[in-house]
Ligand SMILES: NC(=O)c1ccc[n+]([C@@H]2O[C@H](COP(=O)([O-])OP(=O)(O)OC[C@H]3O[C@@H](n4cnc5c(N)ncnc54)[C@H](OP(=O)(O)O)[C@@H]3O)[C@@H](O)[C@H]2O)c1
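In structure tokens, one chain follows: the form predicted alone.
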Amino acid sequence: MSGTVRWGILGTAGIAARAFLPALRAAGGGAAAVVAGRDLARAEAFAADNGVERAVLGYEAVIEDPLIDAVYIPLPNALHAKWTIAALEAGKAVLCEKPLCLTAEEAENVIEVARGSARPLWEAFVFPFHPQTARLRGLLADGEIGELREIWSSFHFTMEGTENIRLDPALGGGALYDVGCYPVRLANLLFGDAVAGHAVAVKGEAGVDIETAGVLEFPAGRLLMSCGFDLPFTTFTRLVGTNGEIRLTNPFHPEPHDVFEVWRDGRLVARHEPGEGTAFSWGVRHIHEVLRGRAEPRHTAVDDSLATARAIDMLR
């Protein structure tokens, strides 16, 4: 294809308005053509508030629309597999929110469909597309901190109230699925596939984890991670090597004020800029380039998502 990439959005989740749609505008070359909801009035209000061309009732209306090129799926976690498969089988490119699935077995089924689909599937871990990640991987490859041995990474925020789908076990709630998956994905990116893991969790009244801390073992090192809904926001991460460490305040969704530093012997030796643009905008830009035939797809679910799903299974 050579023209505008026309996107359909399944559902009216806050992350679609807060992250995806601003990224779509920043990336250029795409249009928010339609949003679907179970409540048409709510979908129409979402479309009017967020610059989406039109609203429709029911997710099938987007899946079956021949004018839609790509589908963004920000539905509750438990619905990801069903609607991702439906969109892929309809010939759409898909960007599905993380986690792609709730189990590795479920992820295997989705990925098998993706292998035979006409267009690619991406899981919405978009930080690998951000310039900060490229700089980070370059420093590691150049031996800036020696050989990477450990990753210390946390993702916490304070959840307000108790009425939240993140607390619903039937919808795939819990801190590990919601934010703990980010340190896991980072470790997969830098270390490869995990070989063992264990975790401890604090569960809330509904039965999902509101805090989880764990260790994943890799052939070349380990991840020590924590996540939760009860502490102030932090995504602080340390990459510890044999000759120093890299400290990042936000490896997942860096902003201009974030810190990216190299330390040796307890001293700061270099500071790097995170880079311009949001991780989401870089990810969407890549998808547009792929769909226009100007780039080979990178960081697809077929390549990356099963390792993350298996690692999360080890921590559950």
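Just count from 1 along the sequence shown to find any residue number. Since this is a predicted model, take the numbers as computed values, not measurements.
What comes next is about the form predicted together with this ligand, which is not displayed.
Shown alone, this chain has one stretch from 107-115, 161-169, 189-197, 202-210 that lies within 4.5 Å of this ligand in the predicted bound form by heavy atoms: 161-169. When this ligand is considered in the predicted bound form, only one residue from H253, H286, H272, R264 comes within 4.5 Å through any heavy atom, namely H253. The listed set P76, G241, P128, G221 contains one residue whose heavy atoms approach this ligand in the predicted bound form to within 4.5 Å, identified as P76. Mapping the unseen interface onto this chain, Y182 counts among the residues with a heavy atom inside 4.5 Å of this ligand in the predicted bound form.
Within 4.5 Å of some heavy atom of this ligand in the predicted bound form lies at least one heavy atom of R38. Contact check for R42: a non-hydrogen atom falls within 4.5 Å of this ligand in the predicted bound form. Taking non-hydrogen atoms only, H80 approaches this ligand to within 4.5 angstroms in the predicted bound form.
Interface residues of 50-65, taken as those with a heavy atom within 4.5 Å of this ligand in the predicted bound form (partner not displayed), are limited to Y59.
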